[in-house]
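Have a look below at one chain only, the form predicted on its own, in C-alpha cells format.
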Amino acid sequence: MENSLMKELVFGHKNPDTDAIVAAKAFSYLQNQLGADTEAVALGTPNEETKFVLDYFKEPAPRIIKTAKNEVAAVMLVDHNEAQQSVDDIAEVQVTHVVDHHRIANFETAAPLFYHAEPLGCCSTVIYKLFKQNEVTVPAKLAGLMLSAIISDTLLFKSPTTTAQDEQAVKELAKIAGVDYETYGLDMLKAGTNLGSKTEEELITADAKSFEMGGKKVRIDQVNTVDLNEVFAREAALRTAIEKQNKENGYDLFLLMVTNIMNSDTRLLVVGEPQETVAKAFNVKLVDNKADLPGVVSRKKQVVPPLEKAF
C-alpha cells in the first residue's frame, strides 16, 4: 500500500500535442532515474503527428486518464500550468513538480514545489537541460521523441518561439538518436497535416486551448496545413461545428488559426464576440469573420499576447 501512495503521475495538457506527450515521457524517465516512482500518462489521444512519432520510434502511446485522485495523491505537470488545461480534478491532488515554457496563470498550490520554467520553444528542451544538469544520459529512443517534440513546437525552427537552445538541443539529440532531423522533421510535420480524414469536430478540438481574457472565455485552436484552401473549402461546416462548441462549453469567442507550415502564414476564422477586439489586437479588418496574418505561426507568442492586450 505504501508504494501505491508514493507513485505520481506525470502529464501534459489536455488535447495533447507532441510536446505534451513526449515531455511527460521524458520527465517521468528522468524522475525515475533519480529515484522517484512515476508513470507518464496523457489527458487525451495523441494526434496524427504524435502517432507518426510514436510509430517511427516504436514507442507505445501513454494511457489516458480523466482524473488523477482515484489513482494518486500527487502529480507532476509538464508543458502547462493553467488549471483549465490540466486534469479535471487538479485541485484535489498535490502538484509536486512543474516543468513548463508557458506563461503562468490560474496556478497556485498549497505546498512548496519544484517549479522550473524557461521561455524556450519547447518544454522538451527545458527537460533536456534537466537531464544534463542531473547528469542523466538520454536513451536513443527518447532522444528521437524529444527532438520530435522540439521540431513540432518550433515548426522546424520557423516559429518565433525558437531559441538557439532549441536548435542546439535538436542537433545534439539527433546525434544520439541517429536521425537526419531536417528530412525526418519535414516528414513528421507533414504527417500532422493529413486533414482529409478528420471531421470538423476533430479539427477544431485537436489543438485547442482555453484562456480567460477580460472576463471572457476565449478558445484558440490551431490547425497546421500545407494548403489553406483545402481547409477553407470546409469553412461553412467548420463554422457550424465551432458555434456548437461555443454554445455547449460557454466560449464567448473562438479563434481558429489555420497555419501554412510551408510559408509560415496564418488565416484566422473568428466565431463569437467581441469581433472588434480581435480586429484591434492584430490591427486587421475582419472580412466575413476572417483575416490573413502573414508570418504568424505561434499561438503563444503572436496570438495570445496581442489579444490579452486588446482585452
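It should be emphasised that the depicted structure is a prediction, and the values quoted were computed from it without experimental measurement. Numbers for residues come from their place in the sequence shown, where the first is 1.
Omitted from view is the form predicted in complex with another copy of the chain, to which the following refers.
- For the options 119, 178, 215, 139, the one in contact with another copy of the chain in the model of the complex, meaning a heavy atom within 4.5 Å, is 119.
- The listed set 229, 168, 109, 199 contains one residue whose heavy atoms approach another copy of the chain in the model of the complex to within 4.5 Å, identified as 109.
- Contact check at 4.5 Å (heavy atoms) against another copy of the chain in the model of the complex: all three of 102, 113 and 308 pass.
- Stretch-level contact check against another copy of the chain in the model of the complex with heavy atoms at 4.5 Å: of 191-199, 83-91, 119-127, 237-245, the positive one is 119-127.
- With a 4.5 Å cutoff on heavy atoms, residue 205 does not count as touching another copy of the chain in the model of the complex; it lies far away.
- Contact check for residue 290: every heavy atom lies farther than 4.5 Å from another copy of the chain in the model of the complex.
- Another copy of the chain in the model of the complex is approached by residue 163, whose closest heavy atom lies within 4.5 angstroms of it.
- Under a 4.5 angstroms non-hydrogen atom cutoff, another copy of the chain in the model of the complex has residue 133 among its neighbouring residues.
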